[in-house]
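One chain comes next, on its own, written as structure tokens: the form predicted on its own.
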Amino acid sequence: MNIQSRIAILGGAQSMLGAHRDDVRLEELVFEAAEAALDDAGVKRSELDTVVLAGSDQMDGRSISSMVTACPAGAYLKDEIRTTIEGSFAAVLACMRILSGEFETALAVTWTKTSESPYDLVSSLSYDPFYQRPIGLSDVIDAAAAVSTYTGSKSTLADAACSVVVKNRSNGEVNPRAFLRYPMARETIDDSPYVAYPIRRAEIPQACDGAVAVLFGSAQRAKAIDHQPVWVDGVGWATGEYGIGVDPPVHMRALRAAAARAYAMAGVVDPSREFNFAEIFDGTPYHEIFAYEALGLTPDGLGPAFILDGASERHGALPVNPSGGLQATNLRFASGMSRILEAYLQLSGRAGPVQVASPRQGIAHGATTYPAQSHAIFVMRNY
């Protein structure tokens, strides 16, 4: 990327998390994250050029929900734009605004308050109302049907999925920012009933309420802050075909396309060697396993072996979700932005107990829709 058009992350933060943040209204939740992100960057609201929001009217239970979230996100009397897809796409839009040359600072803010929204019911509305919705489809059932098409050893894949949950919950146990801060034993997972074969109840992380904000800036604006920024060297996004069985997560075609674009922009040739860690979508443990291959962290067909051999452990050859991922902090709509925040903290050397050793370059990944056809990739680096 040309140095004049580089994108910096100047700061970021998340609100307090909770299963039921009924102590605050949605707009207060948004304000918590936005204010903390600006404080983290040492930037005043008056210095903001634009605010980018990611919210869902269906999830928020309001028409044009940004009418009540824009101002607490910092957009009062400011340029503001929004997207209705998962939070990481607000980060994509913020990066595009910086690259346009028209803005030097862009605050991306997203949130989720699933304690006030029947998520399963809302997710079912995305399916065809005549043939698919009446049979009770949800994101988990859709993902389970797709995972069942896996052609390798089913027992090895199930063992690998169990290992992903154990790994990520163990990481989350020591992460002060995580929601579920207690481990999950392998025996507990094996004894857990199936929700939709082969996905077990213990493999589906509990959702929580929270908001996340990340401040992006131009290279020129980065010079004015009093701490070292983290740089976004590459951005890529893609959406696959919708429909059951059309583009199942086993193949992750859209993720491969998004990663290829981000890698080309960042000049990444061999991600398995060039990345020091990865924060990726693990809405189910199977998504993480298939993403290993789609992101080029391991050759095709070796995703299960990658986790079973310990390569993706926090102290392994290439740590994946050292924060605990969604298995520890399932912010639903804001999960992708949470991955960006955790990657930013890693590269800033501020990840605390889950800090990996001397990271130079990492990747953050957000995904959405059922069962994850839309993907956004961020290649991030410190210098």
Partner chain sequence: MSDMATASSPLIHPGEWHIHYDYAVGEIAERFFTELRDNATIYALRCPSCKLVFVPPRAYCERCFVRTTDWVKIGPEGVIEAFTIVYEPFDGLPVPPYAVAYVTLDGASTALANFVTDVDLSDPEQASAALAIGNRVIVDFVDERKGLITDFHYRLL
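If you're wondering where the values come from, they're calculated on a predicted model, not measured in any experiment. Positions refer to the first chain, counted from 1.
The same protein has a further form, the form predicted in complex with its partner chain, not shown here; the description that follows concerns it.
- Think of it this way: in the model of the complex, its partner chain has a heavy atom of just one of S117, S192, N276, S218 within 4.5 Å, and the residue is S117.
- Interface membership of R25, defined by any non-hydrogen atom within 4.5 Å of its partner chain in the model of the complex, is confirmed.
- The closest non-hydrogen atom of G61 lies within 4.5 Å of its partner chain in the model of the complex.
- Proximity of K113 to its partner chain in the model of the complex falls within the 4.5 Å heavy atom cutoff.
- Proximity of G74 to its partner chain in the model of the complex falls within the 4.5 Å heavy atom cutoff.
- Contact check for E32, V122 and L125: all three have a heavy atom within 4.5 Å of its partner chain in the model of the complex.
- Of the candidate stretches 317-325, 35-43, 331-339, 347-355, only 35-43 has residues with heavy atoms within 4.5 Å of its partner chain in the model of the complex.
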